[in-house]
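Only one chain is included here, represented as structure tokens and corresponding to the form predicted on its own.
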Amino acid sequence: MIPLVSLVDALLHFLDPSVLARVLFDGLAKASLYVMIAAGLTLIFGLMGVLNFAHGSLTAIGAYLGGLVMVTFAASATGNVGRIALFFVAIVVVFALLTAFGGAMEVTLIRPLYDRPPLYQILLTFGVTLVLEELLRMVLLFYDIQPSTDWLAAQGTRPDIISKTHDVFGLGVEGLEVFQILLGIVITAGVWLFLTRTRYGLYIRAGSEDGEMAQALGVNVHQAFTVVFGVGVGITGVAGALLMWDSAWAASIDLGAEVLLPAFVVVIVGGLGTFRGTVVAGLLVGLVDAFTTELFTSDIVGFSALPELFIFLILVGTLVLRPQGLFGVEEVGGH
């Protein structure tokens, strides 16, 4: 009888238009973050068939690099416009540095393993994760930044317009959520244009279908791998820079592990290597996260891990009913 009462309470709660609108908006903000977090992983696997387990650590590095730019130059960027402009400078810097690092990583570490079983690539990228985390920890400790807690100085660089809650038609909307949604739309559109309107986007789509045929037609597959891996890592860093401002995530060593699991869930549910699937799965996971979080915060359900439970139930259901994902095919990527 208790579950039935809880179900009725939940239905009545979400029938309130203000509650429903707030939860939907929160779900869109979460979905934007999930899509940005998973986009780089999708790009890399879509062409190369490489599951990059260093994805989480690279996100954390992006958060710290973005925070470094903001903390260093925040004093010279006053006002809302100045701080937001500085943030866009920060994500350009993060994207450029991590794209270069990703390209170098592909050439020196990933490329020699293309002819070996995928397990070698998984073990290599997992090892890279351990190395990057320890290097990052040493650098942070050298500069007296506590690596295991949130970097509050970076969060403090948020402009007032993003830190405040705004009243929109009677609905309390957080400025950060609006910014996350807008930036998510921009990055999603940018990745879509890259895939559909550029030469390397054509290479990704051709290579994911038949890599040997693409190479036979004159496509420089190795160069395409380097560019795509670099761009995928760069997008990962941009997502990290945005998470640096979000108190629910924030810049810390633990950020790498926190983003890795939802990134893989979104990529697997959407279909390995398909960006359309990543966007749809990000929306699904974000909305489920928002609705289940509301059930807990409104005391309808007392189980604090409800969002994580439902997200992994989605993953399990997908693997059982449609193992290739919502928009995936049975085999993708390769060399």
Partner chain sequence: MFLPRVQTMITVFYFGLFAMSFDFISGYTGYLSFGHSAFYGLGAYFVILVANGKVPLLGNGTPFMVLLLLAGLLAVVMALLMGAVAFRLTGVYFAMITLGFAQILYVFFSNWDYVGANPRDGIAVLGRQDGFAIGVPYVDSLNMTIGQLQGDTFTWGMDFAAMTGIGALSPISHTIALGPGEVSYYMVGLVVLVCYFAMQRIIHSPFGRAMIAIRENEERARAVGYDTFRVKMGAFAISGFFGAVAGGLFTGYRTSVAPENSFYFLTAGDALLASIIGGFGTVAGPLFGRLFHEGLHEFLTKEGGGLLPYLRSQLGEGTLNTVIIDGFTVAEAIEVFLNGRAGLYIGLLFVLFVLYVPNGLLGTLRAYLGGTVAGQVAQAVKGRVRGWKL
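Positions refer to the first chain, counted from 1. As the structure is a prediction and not an experimental result, all values here were calculated from the model.
As for the form predicted in complex with its partner chain, it is not shown, yet the points below apply to it.
Note on the partner interface in the predicted bound form: the residue among 73, 194, 120, 101 having a heavy atom within 4.5 angstroms of its partner chain is 120. The partner is absent here; in the predicted bound form, the one residue of 179, 151, 200, 264 having a heavy atom within 4.5 Å of its partner chain is 264. Note on the interface: of 129-137, 152-160, 240-248, 171-179, the segment with non-hydrogen atoms within 4.5 angstroms of its partner chain in the predicted bound form is 129-137. Although its partner chain is omitted here, in the predicted bound form none of 60, 93 and 290 has a heavy atom within 4.5 Å of it.
Among heavy atoms of residue 109, some come within 4.5 Å of its partner chain in the predicted bound form. Taking the partner from the other structure, its partner chain in the predicted bound form has a heavy atom within 4.5 Å of a heavy atom of residue 51. Proximity of residue 272 to its partner chain in the predicted bound form falls within the 4.5 Å heavy atom cutoff. Contact annotation: residue 142 falls within 4.5 Å of its partner chain in the predicted bound form, judged by heavy atom distances. Of the residues in 305-325, those that come within 4.5 Å of its partner chain in the predicted bound form through at least one heavy atom are, in sequence order, 305, 308, 309, 312, 313, 315, 316, 319, 320, 323.
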